[in-house]
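Single chain ahead, by itself, as structure tokens, in the form predicted on its own.
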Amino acid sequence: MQRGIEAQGIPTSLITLDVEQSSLMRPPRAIHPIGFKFGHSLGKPHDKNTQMKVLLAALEEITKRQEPGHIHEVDFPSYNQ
């Protein structure tokens, strides 16, 4: 789906917890929040601070020129608190 959206000229950014699986699809832009549990793609429930940081990190990827398939690992220390 991401490639179809990109083909229409709309940039996308993937937030993935499964780096191995996502790498096979070679997404145009992607981040992997380090240490996040499955089901917590944006952070823990009600943790608006971390959720906003994850969203902003994903959106920031849109501004960077990337090699397709490169998944940028990002640490969010507030997730582990």
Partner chain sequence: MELSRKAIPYTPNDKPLHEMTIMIVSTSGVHLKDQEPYNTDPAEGDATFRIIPGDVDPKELTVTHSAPKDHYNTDFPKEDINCVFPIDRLRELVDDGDLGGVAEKHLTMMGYSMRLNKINKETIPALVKEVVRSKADAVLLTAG
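Numbering follows the first chain given and starts at 1. Everything numeric in this text was worked out from a predicted model, so none of it was measured.
The same protein also exists as the form predicted in complex with the partner chain; that form is not shown, yet it is the one meant from here on.
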For this session: Indicate whether the partner chain has at least one heavy atom within 4.5 Å of a heavy atom of residue 64 in the model of the complex.
Result: yes
Exercise. Given that the partner is absent here, does residue 10 sit within 4.5 Å of the partner chain in the model of the complex, heavy atoms only?
Worked result: yes
Exercise. If you check in the model of the complex, is residue 33 within 4.5 Å of the partner chain, heavy atoms only?
Worked result: no
Problem set entry | Contact of residue 14 with the partner chain in the model of the complex (heavy atom, 4.5 Å) | yes
Exercise. Considering only 14-36, what residues come within 4.5 Å of the partner chain in the model of the complex, judged by heavy atoms?
Worked result: 14, 15, 17, 24, 25, 26, 27, 28, 29
